[in-house]
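Presented as structure tokens, the chain that follows is alone, the form predicted on its own.
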């Protein structure tokens, strides 16, 4: 077999290695196959990010105006009362929805990881099906489920003598209604956790069982450490997703009068950061202002992710094979 590397002699007599023409051809072929992704990354990620940063220093109105205003957009953001309302709502669903969704997804994965029960594949499919429903269709479905007068959830609560609230019109419960729908759509996280659980060596559980460890002890001493990298990944991705909360809130808020405040539902209780950004950009045509909001959101996400990674560094175990 011919080698792809040939030895050449330098002028001083020392030997050096150079890549053959065949290897260079392989490199060109590899770049050719990777070029669609590289071009897409440059055109649809790097260029839009650069344009957003540039527009954030202008008063661009999406059509004609593009005057340089330096940091005025950022100054206006910190004086916008709806910004703080939207950040508060976003932090609410992030801090409550992220851990709640992960707990439910992991609990379902643990139940569906039973190997001795027949029909488990059927249950896995049933629990994953809600994820396949488009998010707009899910939102429309939950408008009926969470209806305060004759919704399915309040009907079930009424069977136990519990008066159900007006989930979609009471500002105290609108965000919790969104979280309930998100928990219902936790099938993707469940599948990822299930794959992580299946990769835990059975010998670990057998050795712990011989030592007298019960199910709870095995879960905290074996299962959690072994799947800790997956938990870290899931938490970070869920947190980023909640910071970008938009579609559900947009559909739910459409039930109320959009002239109320900033169009974020009852008492602007569903005015999330990305929803407010969308309204600034495409309803008020303040694209420069919206670009500044997008830059600040990116900074917030980066800082939050760094904090999570820092505090999880000592608890995440990457040594399990």
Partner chain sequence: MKTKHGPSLSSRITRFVGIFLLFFFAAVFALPLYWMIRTALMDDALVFSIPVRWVPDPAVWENFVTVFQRMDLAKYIRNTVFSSVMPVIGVLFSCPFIAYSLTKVPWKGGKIIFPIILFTMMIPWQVTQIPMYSIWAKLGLTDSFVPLILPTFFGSGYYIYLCRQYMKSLPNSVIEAARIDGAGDLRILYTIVYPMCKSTLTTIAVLVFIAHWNDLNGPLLYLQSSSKYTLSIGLQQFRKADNPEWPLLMAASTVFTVPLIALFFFAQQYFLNGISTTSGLK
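Just so we're on the same page, rigid core means the largest C-alpha set that superposes within 1.5 Å between forms. Numbering follows the first chain given and starts at 1. All values derive from a computational prediction rather than experimental measurement.
The same protein also has a form predicted together with its partner chain, omitted here; what follows describes it.
- The closest heavy atom approach of residue 219 to its partner chain in the predicted complex falls outside 4.5 Å.
- Looking at residue 57, you'd find every heavy atom of it more than 4.5 angstroms from its partner chain in the predicted complex.
- At a distance threshold of 4.5 angstroms between non-hydrogen atoms, residue 133 is in contact with its partner chain in the predicted complex.
- Residue contact with its partner chain in the predicted complex: residue 129 places a heavy atom within 4.5 Å of it.
- Across the proposed site, 116, 188 and 191 without exception bring a heavy atom within 4.5 Å of its partner chain in the predicted complex.
- In the predicted complex, 135, 136, 137, 140, 141, 142, 143, 144, 145, 147, 150, 151, 152 are the residues of 135-153 with at least one heavy atom within 4.5 Å of its partner chain, listed from first to last.
- Once the rigid core is overlaid between the shown form and the other one, residue 42 counts among the residues whose Cα shifts by 2 Å or more.
- Relative to the superposed core, residue 27 undergoes a C-alpha shift of no less than 2 Å between the shown form and the other one.
- In this overlay on the rigid core, residue 51 has a C-alpha that sits 2 Å or more away from its partner position between the shown form and the other one.
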